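In the block that follows, a single chain appears as structure tokens, in the form predicted on its own.
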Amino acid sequence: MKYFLIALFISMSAFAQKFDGLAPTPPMGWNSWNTFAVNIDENLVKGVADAMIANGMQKAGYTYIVIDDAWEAKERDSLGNIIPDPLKFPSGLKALGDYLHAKGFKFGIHNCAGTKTCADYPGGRGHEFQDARSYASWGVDYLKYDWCNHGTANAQETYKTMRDALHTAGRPIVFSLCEWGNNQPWLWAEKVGHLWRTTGDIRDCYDCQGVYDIGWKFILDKQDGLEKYAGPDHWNDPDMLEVGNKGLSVAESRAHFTLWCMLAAPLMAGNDVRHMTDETREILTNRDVIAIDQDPLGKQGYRFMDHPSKQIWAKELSNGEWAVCFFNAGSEPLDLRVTWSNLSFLQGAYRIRDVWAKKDLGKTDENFARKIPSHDVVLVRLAPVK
């Protein structure tokens, strides 16, 4: 019997794969960690869902609501099943998933590839197939799988095991690999998950550089060269958004959001969406900027030019269009002057649309000038003249 079960497991694993077609464009949603960390419960999650309907985020495309670390009870049950904290989630996660689904959202959850999560709750190591069945029974649509307390585990094989477990459980679940880029997942994760982290954790600062808590500008620079590994159903993930959180100015939030859209990054808001300024809401729900992130061609943007105080990022879009972001990375205002013929990726003439200003600016047969405040951007969309 023992050898039969081993053979059955090997046979099932041989045919296991990730669920294709779940992320043709980068996933969008909200995650609890950046603002609330371990201080989460079912009332918070329900309040977030209701707020995202009221403030227009759901209509703008934010679909997934993801509960990050610390939803678990401190110990598994007597059968080894992972269970939610009964004080934080007294109704259970199936009921919470049903609530989110009824509101038109998809339900996301977090756990870890190690023996413990980063916040010291039960991890998935050795329980992958058991946990995947639980997640499927709760109606989970998205799994963020972290990399704390992994010991000597091989990342590629460990994440493959969870992929196989999800597939065997039978419920299509977006698989987000949160491996921090330690083992270059962009080289191997396309057949394992739908997105993979490329760096350590983001913080609400511009360019701070801790060991794992780092600013978005530092993360941005680490994305240069990764664009060839991304596309529909397999995305580089530079981590969640810090838009609207206290460590960023409005300009820095706008630039952060813009550049994540240029990167075709998953857009997972990380602020308290129940209480945010009009400026933050306008950034997060700008559909013209979001359309650049969600463009169906699925191309990740790339850094065309890097200067100590100016970067130019370009993203090829559908129908021969381009998005171009001029980013003032310096501490002083920048006098931007653009000679369009110097942008060698452009072929022919284009109509210019200033995306944030919502203004048409003529055509690329005339030069372009603008003053950009420190840590801010100008974003244009170029449509070929026919």
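All residue numbers are counted from 1 along the displayed sequence. Everything numeric in this text was worked out from a predicted model, so none of it was measured.
One more form of this protein should be noted, the form predicted together with a small molecule, which is absent from this view; the next part is about it.
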### Task
Within 4.5 Å of the small molecule in the predicted bound form, counting heavy atoms only, one of 291-299, 307-315, 139-147, 125-133 shows up; tell me which.
139-147
### Query
Using a 4.5 Å heavy atom cut-off, are 69, 119 and 197 all in contact with the small molecule in the predicted bound form?
yes
### Task
Could you confirm whether residue 110 comes within 4.5 Å of the small molecule in the predicted bound form, counting heavy atoms only?
yes
### Query
With the partner left out of view, is residue 93 within 4.5 angstroms of the small molecule in the predicted bound form by any non-hydrogen atom?
no
### Contact of residue 206 with the small molecule in the predicted bound form (heavy atom, 4.5 Å)
no
### Query
Do residue 33 and the small molecule come within 4.5 Å of each other in the predicted bound form, heavy atoms counted?
yes
### Query
Exactly one of 201, 85, 190, 227 has a non-hydrogen atom within 4.5 Å of the small molecule in the predicted bound form; which residue is it?
201
## Note on the structure
Checked 262, 173, 240, 284 for heavy atoms within 4.5 Å of the small molecule in the predicted bound form; positive is 240
